[in-house]
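Shown below, as structure tokens, is a lone chain in the form predicted alone; questions about how it binds or moves come after it.
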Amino acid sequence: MNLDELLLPDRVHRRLYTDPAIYDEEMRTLFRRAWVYVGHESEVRNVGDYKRAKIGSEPVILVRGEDEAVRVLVNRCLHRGSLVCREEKGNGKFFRCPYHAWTYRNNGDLMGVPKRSRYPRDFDLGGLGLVNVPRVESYRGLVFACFDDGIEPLVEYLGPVRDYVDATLDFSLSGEIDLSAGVSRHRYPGNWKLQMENGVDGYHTAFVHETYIGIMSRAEEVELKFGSHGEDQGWTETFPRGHAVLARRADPRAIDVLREQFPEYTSALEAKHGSERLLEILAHMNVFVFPNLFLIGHQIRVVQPVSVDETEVMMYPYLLTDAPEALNRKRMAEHEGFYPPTGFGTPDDYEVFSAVTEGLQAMSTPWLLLNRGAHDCQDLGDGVRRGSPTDEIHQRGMYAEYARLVGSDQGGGA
């Protein structure tokens, strides 16, 4: 697909959010050529554990097999096309199709076909297993999969954004997190890229979330949670492959505040990382791994396209595996205050997404501008560029990668 007329360095055309043909092309190319986040190892901790996920529009199963290997299987019976797994998560040794009961081991092998006598004698079950997604790798428990067998290793794909992923997860003393606290699922009427852009957008916060900031500022908590909103107290960076971060420096008081409430845990973190690094860990960071994963605050957020004008968002608040129970309870309470449907933040974002979706019906004004800060960004080398917190440098980086993946005709991999 030629995007030359729809995607310019400082703006994108409305059709990227409204055209079903472009959406189909994204599913065929972008989501099959990129490493796509499918789940966390803590969700399939035991042999036989599984959870459903999607890679673009393709239904898959993340599962730990009898050999303890983590696989990603296409959730589609080789017989007549039904899903073979309809539960969101669970544990089992096999998956059975609800239509004609073809049954597969949790490594994907076809183990049985009912009433087999009516098939030819040379009917071979060996080539009729569930399709294994060819590339599956994990980084710090985050599991990604890709249909393109030739894609670079995950570590190379992540590149410099790993530093921010590490900083986020290093708030756990052991470096490990647990996603057993559940998930908030939401849908909004709008294209998936609205959430992709918004998750690291520092420009909208003071306006869309004005009410929340006003309430929190009375308790002097807003700067401790989100850092100063001054342009000089944070930054945004864009990385190769479309990854991005929005970061606000932690308030210098943050370590002392944490120590007052959790002295032993704070001391252990400080001993492990040092005060300077701990202050970096306590910074507020919105980390985006292109195309569908955010690490924001205390949550892992997954963006799931549903159609050109509908998107599902899944927010998994995570626990620090070795933190005091009271600290995890506090983190969960903070998450619940802003992010679920009843929180102060997410409904405001979705209301804006809805307004944008309706506004994009205006064909007389087809362009959306992404040029904020384009005149004043720093080149840090190795494809990393830095701007001020309210700049749109990260959105421009996302669409550079988008153009690389969608704007060629090399097909969608396997």
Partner chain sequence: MSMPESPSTFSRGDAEDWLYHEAELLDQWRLHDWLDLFTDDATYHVPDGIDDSPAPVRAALINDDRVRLEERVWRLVTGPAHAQIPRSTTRRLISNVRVAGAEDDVLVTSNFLVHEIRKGQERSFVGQYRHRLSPAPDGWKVAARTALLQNSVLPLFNVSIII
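The model shown is predicted, which means the values in this text are computed figures rather than measured ones. Numbering follows the first chain given and starts at 1.
As for the form predicted together with the partner chain, it is not shown, yet the points below apply to it.
Annotated contact segment (heavy atom within 4.5 Å of the partner chain in the predicted complex): 312-320, selected among 247-255, 140-148, 106-114, 312-320.
For residue 328, a non-hydrogen atom is located within 4.5 Å of the partner chain in the predicted complex, even though that partner is not displayed. The partner chain in the predicted complex comes within 4.5 Å of no heavy atom belonging to residue 37. In the predicted complex, the partner chain sits within 4.5 Å of a heavy atom of residue 180. Using a 4.5 Å cutoff between non-hydrogen atoms, residue 58 does not count as a contact of the partner chain in the predicted complex. Residue in contact with the partner chain in the predicted complex (any heavy atom within 4.5 Å), chosen from 95, 188, 171, 290: 188. Checking 379, 358, 376, 68 for any heavy atom within 4.5 Å of the partner chain in the predicted complex turns up a single hit: 358. Contact annotation for the candidate site: 18, 21 and 25 all lie away from the partner chain in the predicted complex (no heavy atom within 4.5 Å). Although the partner chain is not shown here, in the predicted complex the stretch 191-213 places heavy atoms of 207, 208, 211 within 4.5 Å of it, in sequence order.
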